[in-house]
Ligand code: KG4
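First comes one chain, alone, set out as structure tokens in the form predicted on its own.
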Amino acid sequence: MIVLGLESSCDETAAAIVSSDRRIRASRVAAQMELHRPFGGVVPELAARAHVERLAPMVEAVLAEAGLALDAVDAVAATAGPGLVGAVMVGLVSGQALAFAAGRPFVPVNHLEAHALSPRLVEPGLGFPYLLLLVSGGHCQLLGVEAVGRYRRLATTIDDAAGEAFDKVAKLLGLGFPGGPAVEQAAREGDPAAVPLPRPLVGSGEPHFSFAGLKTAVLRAVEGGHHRTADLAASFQAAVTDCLIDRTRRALGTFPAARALVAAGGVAANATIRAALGRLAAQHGLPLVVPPPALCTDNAAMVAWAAIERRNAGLADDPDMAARPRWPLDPAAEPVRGAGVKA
């Protein structure tokens, strides 16, 4: 099975060709960092316009790289949500049109499910069930991945996602955009113990994440003017890592069936966080599976792979689905206090 995948949920325009033998035949991603950098964050209207301009040439490029005509693919897939709804619509409508033109099935893909299944693209031996830490700019969740299409939400954020906190702290520190890589780079020259920062919810009986208070504490430290930027970055990164590890350790205790600890999403590309997760997995006698950085950040290969997984599992999809700004993987999960309900 050969699938053309499209991704446009936020500020990455992406297209890829993936086959069911786990080969990425072509994959391209066009970042929009320079477009949004002057604003210190993603501007939805600009992101959608950039997708419109870049997506068609990118599809032509990946088809040419793979040596395929459009009618040679077996299906077309595109992210249908969650994300910036205008941005999602560009990829979704484009995918539906391409599938119609080629006379091929169209598979709408949940962006979160694409992240959840992406480790299986590069790790054939990864079987179900596994515990997933999905940590990105818009999402911070712990999920029990029981099978394709079966996800149990164990924890979510009640306010900011970890990646969002990285971006906001980077802006506070004058490090630029995107914030995650900027903070990580600055932290290499800093002392992670230099600035006393809180670890929200660490050690609590509540399963969820919270990063808003940590972000505010960094603001207060910046206003105090007594700390080096590198020390603030390192201390913030250490605090986020401690929060992620504590919550993930708790989730491992409530999901004992897990055969592996898996991390996905853009924040999973952070080397300090990956190392800490590796130590946690080893303590529980589990392998840690993290996709390479190119598959952690938003990309279309994971979208195409999710479509392959869903079709192999015989799951039905609505090819006429509209763009969804919110699309939880576990709709039956109980709402949580704060903004976590959006997850």
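Values in this document were obtained by computation on a predicted structure and should not be read as measured data. Start at 1 with the first residue shown and count on from there.
Form predicted in complex with the ligand: not shown, discussed below.
- Query: in the predicted bound form, which of 135-143, 254-262, 148-156, 85-93 comes within 4.5 Å of the ligand (heavy atoms)?
  - Reply: Looking at the partner contacts, the answer comes out as 135-143.
- Task: Spell out, yes or no, whether the shortest heavy atom distance between D167 and the ligand in the predicted bound form is within 4.5 Å.
- Result: D167: yes, in contact with the ligand in the predicted bound form.
- Message: Does any part of H111 reach within 4.5 Å of the ligand in the predicted bound form? Heavy atoms only, please.
- Response: H111: contacts the ligand in the predicted bound form.
- Contact test in the predicted bound form: L201 vs the ligand, heavy atoms, 4.5 Å: L201: no, not in contact with the ligand in the predicted bound form.
- Task: Give a yes or no for I308: in the predicted bound form, does one of its heavy atoms lie within 4.5 Å of a heavy atom belonging to the ligand?
- Result: I308: no contact with the ligand in the predicted bound form.
- Select from the listed residues C243, A269, L121, L175 the one whose heavy atoms reach within 4.5 Å of the ligand in the predicted bound form. Answer to the contact question: A269.
- Task: Quick one: name the residues from 179-198 with any non-hydrogen atom within 4.5 angstroms of the ligand in the predicted bound form.
- Result: Contacts from 179-198: G179, G180, P181, E184.
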